[in-house]
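This document starts with one chain, in the form predicted on its own, laid out as structure tokens.
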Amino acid sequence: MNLQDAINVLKEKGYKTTGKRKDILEFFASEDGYRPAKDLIVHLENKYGAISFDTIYRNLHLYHDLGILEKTDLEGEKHFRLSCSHHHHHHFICTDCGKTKEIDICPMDTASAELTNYEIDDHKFEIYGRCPACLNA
């Protein structure tokens, strides 16, 4: 998803595209990978001064609920990134820098055979480690 797609989703769902909401989207559009809320707060405080942590989290969870952002937990903290909903895939996530690499394999291909007579609602598969740039740093 790109910035304009995200703005369109907000408008289609009846939400206003305020300056702060757009700035949040621009932040994630400019980042390559998952970022914690604190990185976003630092970014926004440069423009707006003090900003409410509750306001940030409310918008992050709204964007997630609307499918604009994906979220994951890294070391007990929620991290977010723009949704990359163009096809079904999973991610390798660097635990140092948060960058992601798409993985086109899916464990559900074999797991569903083990789960006959079960109803599967959803799944998530992520691999964590260090990317080549962080390994070589």
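Remember, predicted model here, so these are calculated numbers, not experimental data. The first residue of the sequence shown is number 1, and the count goes up from there.
Quick note: we don't show the form predicted together with a further copy of the same chain, though the next part is all about it.
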Since only the chain is shown here, I'm wondering whether residue 84 would be in contact with a further copy of the same chain in the model of the complex (any heavy atom pair within 4.5 Å). no
Verify the contact flag for residue 129: yes if a non-hydrogen atom of it lies within 4.5 Å of a non-hydrogen atom of a further copy of the same chain in the model of the complex, no if not. yes
Residue 76: touches a further copy of the same chain in the model of the complex, heavy atom cutoff 4.5 angstroms: yes
Could you tell me if residue 110 has a non-hydrogen atom within 4.5 Å of a further copy of the same chain in the model of the complex? yes
Taking a further copy of the same chain in the model of the complex, would 42, 48 and 54 all count as contacting it (heavy atom within 4.5 Å)? no
I need to confirm a contact call. Of 26, 102, 65, 32, which residue comes within 4.5 Å of a further copy of the same chain in the model of the complex, counting heavy atoms only? 102
Is any part of 109 to 127 within 4.5 angstroms of a further copy of the same chain in the model of the complex by a non-hydrogen atom, and which residues would that be? 110, 111, 114, 115, 117, 118, 119, 120, 121, 122, 123, 124, 125, 126, 127
